[in-house]
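First, one chain by itself in structure tokens, the form predicted on its own.
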């Protein structure tokens, strides 16, 4: 079975126009039909051949027999009180994966948080996805299709994409890069509106820098010391803090793109003023923006607690002072009531 196929049918989502042309000719349709199908897939987010009214009924029947418009199946859709939507999908292999569609009252744009793997091997103790363990890498088409599926269901145009759902994106490097190209070239979302988050896979950060895709790279740091990060982000035992920060500096030098430092705020764990000072000195010479993330509880037996608003504000003020002069934001909480907030994705639904 080729990588263009799922089960007995060819998945047309994720194929380029030349690949679509080869396919339609192989099943006896005219070559120019490929561009018509392409338009319906990416401009109209179609998932049903019967919607493609440019084609004859006979052509649509042939396509339904030989092909499919994507392979993900929707299991559940939940809508938060704040308008955030969480989607639980099944892959053709029967694995489950989640995606989130976010709305902000003060913005006209819509953002998608997508997954790159089923589960995650990094096993950060404050993240629900880590409890699943690693199950499989998603294909490039499966990653990008999450966006198209959400647009189809919600009838909303997605403007921004963050690879911050399930998985460590750079542990699925080849498929993530391919999916970025699908999102850019086919779905039509500019690369400067795409953010890839990583826990610090250094050799892949180097490769990503060499590609100079002009995306935003975000580091899930969560502690400025090796001792603290060994516990919170176990991958740190392989790639220590200082080495990861140096790789981000190299990334900036190659791409001239400011990176983002993500830092979840855990009460009495990593939120002290001393930690803020240590973080400030660690990233002082790095062109970066810091995003402080109020912690979202993942389980009733969760040992972690959210930092107080006062302590988050104190942490922020230290990083913004003259000696460090960093731009710092506090992430807006979205979808907490449906377990769709940062760190809560564990394939659960009501």
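If you're wondering where the values come from, they're calculated on a predicted model, not measured in any experiment. Positions refer to the first chain, counted from 1.
Note that the form predicted together with S-adenosyl-L-homocysteine (SAH) isn't included here; everything after this is about it.
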- Heavy atom within 4.5 Å of S-adenosyl-L-homocysteine (SAH) in the model of the complex: which of 247, 111, 139, 220 fits that? Just give me the one. 220
- Interface check vs S-adenosyl-L-homocysteine (SAH) in the model of the complex: of 251, 173, 149, 163, the one with a heavy atom inside 4.5 Å is 163
- Stretch from 238-246, 152-160, 258-266, 74-82 whose residues place a heavy atom within 4.5 Å of S-adenosyl-L-homocysteine (SAH) in the model of the complex: 258-266
- Item | All of 167, 199 and 298 within 4.5 Å of S-adenosyl-L-homocysteine (SAH) in the model of the complex, heavy atom check | yes
- Message: residue 279 versus S-adenosyl-L-homocysteine (SAH), in the model of the complex: is there a non-hydrogen atom within 4.5 Å?
- Response: no
- Message: Residue-level question: is residue 127 within 4.5 Å of S-adenosyl-L-homocysteine (SAH) in the model of the complex, judged on heavy atoms?
- Response: yes
- Task: Find out whether any non-hydrogen atom of residue 34 is located within 4.5 angstroms of S-adenosyl-L-homocysteine (SAH) in the model of the complex, and reply yes or no.
- Result: no
- Message: How about residue 55 - does it come within 4.5 Å of S-adenosyl-L-homocysteine (SAH) in the model of the complex, if we only consider non-hydrogen atoms?
- Response: no
